[in-house]
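Single chain ahead, by itself, as structure tokens, in the form predicted alone.
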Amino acid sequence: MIVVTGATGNVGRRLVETLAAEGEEVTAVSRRITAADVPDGVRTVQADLARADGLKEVFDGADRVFLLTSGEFLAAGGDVAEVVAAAKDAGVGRIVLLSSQGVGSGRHASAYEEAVKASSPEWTVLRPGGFASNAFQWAPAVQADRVVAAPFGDVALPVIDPADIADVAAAVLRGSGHHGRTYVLTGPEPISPRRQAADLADALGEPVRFAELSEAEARAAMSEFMPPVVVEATLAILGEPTEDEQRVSPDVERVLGRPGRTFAEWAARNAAAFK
């Protein structure tokens, strides 16, 4: 059985659907998940990974785990080592951790990866770059005024479709030869916010104006829902990315045998959210 944590998010929901369609026995875990959130036959467990006393039910009967922790987990004082230990005690043999490209560039802490590598019998780390789905933050402004407002309008990064992250995770959970590997996951090409606005316009069949925010304006907006350390790390990546952060990784194609989806493909699939 495969346990998928974060099962109602952009990656987890797709992963649950994919694994279930492939005939895997799946347990979907989230704090407020219900049977309505998953395909028929998928077991659901409402759990907070930051509470060690509830982890036994999460991993009962599992042999593989997709581990995704949220900002709320960190804010609640969650300990990944405790989660990994509980999984190991339950007989889990393989853990696939959703980490971040920022760990490799030194922008994000490596403690989660270190805990998994130290305690998991068989581990694989996925380090995605920026998500194409971050564009959902523009939806209200696009709906109301057909405008995308963002900083660093011409700085291009190879954002990744969350569906590709889920597809890689499914392949790693079900396949062999991935133990001890770290995969950097990006889209097939760097794309700037200005170009993303143009792709959204193409998906909608209507003009979408791009309005460039100053760094100060972006910091103020981000500070409404991000802690300061995350705001500064995010602005640094968006405004002054390293060469590695702008480079297209071959790992999606290496695992899946096909290139990752473009932002334009993501925009076309999600156009309804911006109408």
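Because the structure is a prediction, the values reported are computed rather than measured. Note that residue numbering follows the sequence shown and begins at 1.
There is another form of this protein, the form predicted in complex with a small molecule, and it is not shown here; the text below is about that form.
- This chain lacks the partner; the member of 62, 208, 50, 218 within 4.5 angstroms of the small molecule in the predicted complex by a non-hydrogen atom is 50.
- The partner is absent here, but in the predicted complex a heavy atom of 73, alone among 152, 73, 183, 123, sits within 4.5 Å of the small molecule.
- If you check the small molecule in the predicted complex, you find a heavy atom from every one of 8, 31 and 134 within 4.5 Å.
- Contact annotation: the small molecule lies within 4.5 Å of heavy atoms from the stretch 98 to 106 in the predicted complex, the single such stretch among 98 to 106, 167 to 175, 141 to 149, 193 to 201.
- When contacts are judged by a 4.5 Å heavy atom cut-off, residue 246 does not count as touching the small molecule in the predicted complex.
- A residue is said to contact a partner when one of its heavy atoms sits within 4.5 Å of a partner heavy atom; residue 188 fails this definition for the small molecule in the predicted complex, lying far away.
- The small molecule is not drawn, but in the predicted complex it has a heavy atom within 4.5 Å of residue 68.
- Using a 4.5 angstroms threshold between heavy atoms, residue 158 stays clear of the small molecule in the predicted complex.
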